[in-house]
Every structure is written in C-alpha cells, then in structure tokens.
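Presented as structure tokens, the chain that follows is alone, the form predicted alone.
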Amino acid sequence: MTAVAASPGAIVPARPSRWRRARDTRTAYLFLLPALLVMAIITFYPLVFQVYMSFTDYGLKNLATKAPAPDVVGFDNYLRILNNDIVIPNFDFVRILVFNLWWAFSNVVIHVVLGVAIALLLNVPRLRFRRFWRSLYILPVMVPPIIVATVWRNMFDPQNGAVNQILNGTVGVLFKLPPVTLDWLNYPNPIIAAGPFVLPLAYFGLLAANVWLGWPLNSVVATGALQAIPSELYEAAAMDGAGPWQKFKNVTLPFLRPAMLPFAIYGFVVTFNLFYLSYFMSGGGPFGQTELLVTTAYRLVAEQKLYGVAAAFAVFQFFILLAITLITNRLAKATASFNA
C-alpha cells in the first residue's frame, strides 16, 4: 500500500486497489464458510423442511426410510389450529396465546424490578459480606431445570407441601383458621377469567417458581451496570441538593436502562418459550389453562404424532416471536433515542 499527499504537510494512506479489496472479501467469505455450512445443516435446512411439512399430512407413515412422500394439504393444518380442530383436551389457540404473552410479560416485569432492587441493596458501600451475598443469589441458575420443577411441584403439594404448611403455621395460627389443603396446581376454577384471558391458581405457583429462578441473572446484569456508574455523578447530584429518589431517577436509571432493556427483551423471549415449568410442574393443567405454545407443540409431536400440524403450529410460533422481537427492538431504539 502506498501513500499520497493530501495537502502540504499531511500524508494519508492511499485507498486499496480493487484487486486488493476483492481478495480481502474472498478471504472473509472463506473464514465464514465453515460457520455457514454448519448453520445450513443444523438451522436453515430444518427450518425450510418444517415449512414444507406444515403444508402436508406428514405423520408416522412417512418416517420410514422408503416411505412415500406425504400428501400436500395446503393450508389445512393452519386452519385446523385457528379453528381449534386439534385432538388436545380444551385446546384453544387464542387462549393459549393470550396466556403465553401474559406469562412472559408478568414474569419479566417482576424479574427486572426485583433484580434491580436487590442489586441496589447489595451495592451499598458499607454492606458487609457483599461478595458472599452476590455469589449466593446466583445459585438458583445453577440448578438443573427438571430439579427446579420437581422441587417446586412438591412444595405446592396439597397435603405435605411446604407452602400449605407455612400458611397453616403462620396465617392459620395468627387468624385461628382451619388447616389449609389448597391444591395449588390442580384447582379447577380459574381465579380470573375474562374472555380468552384466564388465570388459574396454578399460574401463581408457576410464577413463584420462575421468579425465584429468574431474578438472579437480572440482578447480576444490574450489578454490573451499577458498578460502571462514576461516583462523581452522585457527588455532583448531592452538591446540587438531590435526594435519594432524584439520584436514582437522574443518575442510576439512565445507566441501568441500556443494560437492563436488552436483557429484558432476551428474558421475555426465553420465558415465552419456557418449557419445563409448565410441562413438568403443572402438566399444563388444570384443563390446559397453563399450557404454553411450546408445550402444545411438543404434545402435538410426542403425544398426537401430528407432525404436519405441529410444523404449522411452530410456524405460527415463529412469526409470533418475530413480531414480538421487532416490536421490542423498536421500543428499545425509541427509548435509546429518548435518552440521548
């Protein structure tokens, strides 16, 4: 590469030649090729094949090596889902979608608020054993999901569960109430029901388990953002007469938002597809009121063997998540622009 004089006393590098740029481009694609091949095999091909399956009557008969190709049924699988023509008890696509959205939204809000609050409490300079507490509250993330679901399911057992025993030992003794044998995960009647919006008692059991599991990572992210705030800003705010709320609103919150908002979006998508609590803890019950889209898709494959319908269901789920991601990304950009 040569250099040319742009002005007297200034030397700037010359632009690379066209041949050099083409060679650099070929080198970049050569390094990307292995990753593209892996993505094509394990991601792109299954996605394309799934869309193909959604327009066929793909079933068990088509799994054999020399089995005939499935018959093309057009949009019948999609119409069966929208018309609730699925062999799953109490299947209602709109109700499941509404519950799934509320499930993800309510969990993420509590995770973020609780995580930030605990991070603020543990960020007090004179607090003793701060490192110990921070290492302790990350433990729930290290527990395998199936163990989390099993332990919390046993805690909500109506006869011997810890939740009912705590209620009997505190509220029952305080107000002199008879022993509680509340069946948290199988209580048949919904607590709230307004059209497709149905909240059973099992929802609150699942919510408690997922809040216990979800807030630690939010607290870790918030702790990292808090430690990046210069102390001079708080000193300047104190000199201006700002109180604790003004410091939080004008100093802490602007630094927290760029870190917490992307993680909240990520948490929403993860919680939206959270399989193991709904499936292993409540079993989707009672009467399918805590089913999620991901557990329903699994039942269509594992229990009903309706592979074509399950593929169409997964396509619906993909576009729902795509719409949510686009909306949340737009909100994130709007918030960033507002902060700037």
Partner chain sequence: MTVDAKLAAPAVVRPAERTRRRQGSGIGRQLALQLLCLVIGVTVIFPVLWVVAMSIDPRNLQRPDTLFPPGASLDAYARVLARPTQNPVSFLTLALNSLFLAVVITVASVGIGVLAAYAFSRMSFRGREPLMIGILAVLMLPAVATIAPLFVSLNKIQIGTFNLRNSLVGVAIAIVSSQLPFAIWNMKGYLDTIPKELEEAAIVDGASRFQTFVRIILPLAKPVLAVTALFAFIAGWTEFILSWIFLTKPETFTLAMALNGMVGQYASSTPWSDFAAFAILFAIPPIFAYALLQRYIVGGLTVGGVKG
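Just so it is clear, the structure is predicted and the values come from calculations on it, not from any experiment. Residue numbers count along the first chain shown, from 1.
One more form of this protein, predicted together with the partner chain, exists but is not displayed; see below.
Looking at the partner chain in the predicted bound form, residues P158, W212 and L322 each place a heavy atom within 4.5 Å of it. The partner chain in the predicted bound form is not approached by W103, whose heavy atoms all lie more than 4.5 angstroms from it. With a 4.5 Å cutoff on heavy atoms, L97 does not count as touching the partner chain in the predicted bound form; it lies far away. When contacts are judged by a 4.5 Å heavy atom cut-off, Y279 counts as touching the partner chain in the predicted bound form.
With a 4.5 Å cutoff on heavy atoms, R128 counts as touching the partner chain in the predicted bound form.
Taking N84, N168, N154, N90 one by one, only a single residue has any non-hydrogen atom within 4.5 Å of the partner chain in the predicted bound form, and it is N154. Per the 4.5 Å heavy atom criterion, the partner chain in the predicted bound form is contacted by stretch 259 to 267, the sole one of 199 to 207, 174 to 182, 74 to 82, 259 to 267. Along 210 to 224, a non-hydrogen atom within 4.5 Å of the partner chain in the predicted bound form is carried by W212, W215, L217, V220, V221, G224, in order along the sequence.
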